[in-house]
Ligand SMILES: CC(C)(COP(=O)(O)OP(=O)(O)OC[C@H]1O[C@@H](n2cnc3c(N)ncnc32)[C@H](O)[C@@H]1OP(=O)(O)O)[C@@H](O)C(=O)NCCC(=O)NCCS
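Have a look below at one chain only, the form predicted alone, in C-alpha cells format.
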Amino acid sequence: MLEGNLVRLRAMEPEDLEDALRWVNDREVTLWLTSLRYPMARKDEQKWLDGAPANSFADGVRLAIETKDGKHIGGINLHRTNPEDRKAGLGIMIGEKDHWSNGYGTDAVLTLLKLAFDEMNLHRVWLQVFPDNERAIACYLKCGFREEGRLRQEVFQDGRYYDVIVMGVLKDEFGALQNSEPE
C-alpha cells in the first residue's frame, strides 16, 4: 500500500467492482475521460478488473484510491509503460463526486509519481486531458506537469471534435518540486 497525505493507493480487489461499475456508467464521472465513452456491462468491467496487471514495470500499475478511513473513491494507473524510454502514461478517475475538489486527486497523483520515479526509475510520465477540464489541469500543474502539446480535434463526442492537451513531467522536475515543498 502506498501512503499519501490524504489517500492510500492499494491493489484492486474484487469488492471494487460495484463502485467501478457505478462510476464508469455515470456520464458526469466519465465526461472528461478520453477513453470511456460507452456504457459498460458488468461482465466487461469484471474482465477489466480481472485483467489488472501484476503491478510490474512491463505490465504497468493499476491501483485503487481510498481515503485514509478506507473509503474507495477512485482508481489511478500507469499504462503504456516503455522500458527503453523509461516512460509511462498516467490515468486517474475520482468516481465519488463528493470527493471532487478536495485534494484527493492531487495527493493520489503525487503518491503515484513518487512510485514512478523513485521505485520504477521512470524518466517521464505523460497524460492527456481535455482543455476544458480546468480542475484536472490545475491538479496536474500542482504535481509538476507541463503542457507539451495539443492534439487538434483528437476526440469526437457529443457531436463535435475536441482538442486534447498532452502534459508531461520529468523525473528531475518532479524531484525539484518535491525538494521545494516545506516539510
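Since we're looking at a predicted model, the values are computed, not measured. Start at 1 and count along the sequence shown; that's the residue number.
Keep in mind that the form predicted together with this ligand is missing from the display, and what follows is about it.
Trainee: Indicate whether this ligand has at least one heavy atom within 4.5 Å of a heavy atom of Trp32 in the model of the complex.
Mentor: Because a heavy atom of Trp32 falls inside 4.5 Å of this ligand in the model of the complex, the answer is yes.
Trainee: Is there any non-hydrogen atom of Asp118 lying within 4.5 Å of this ligand in the model of the complex?
Mentor: No.
Trainee: How about Ala138: is it within 4.5 Å of this ligand in the model of the complex, going by heavy atoms?
Mentor: Ala138: contacts this ligand in the model of the complex.
Trainee: Counting only non-hydrogen atoms and a 4.5 angstroms cut-off, does His99 reach this ligand in the model of the complex?
Mentor: Yes.
Trainee: In the model of the complex, which of 153-161, 118-126, 41-49, 138-146 comes within 4.5 Å of this ligand (heavy atoms)?
Mentor: Result of the contact check: 138-146.
Trainee: Does anything in 83-99 come within 4.5 Å of this ligand in the model of the complex by heavy atoms, and if so which residues, in order?
Mentor: Contacting residues: Ile92, Met93, Ile94, His99.
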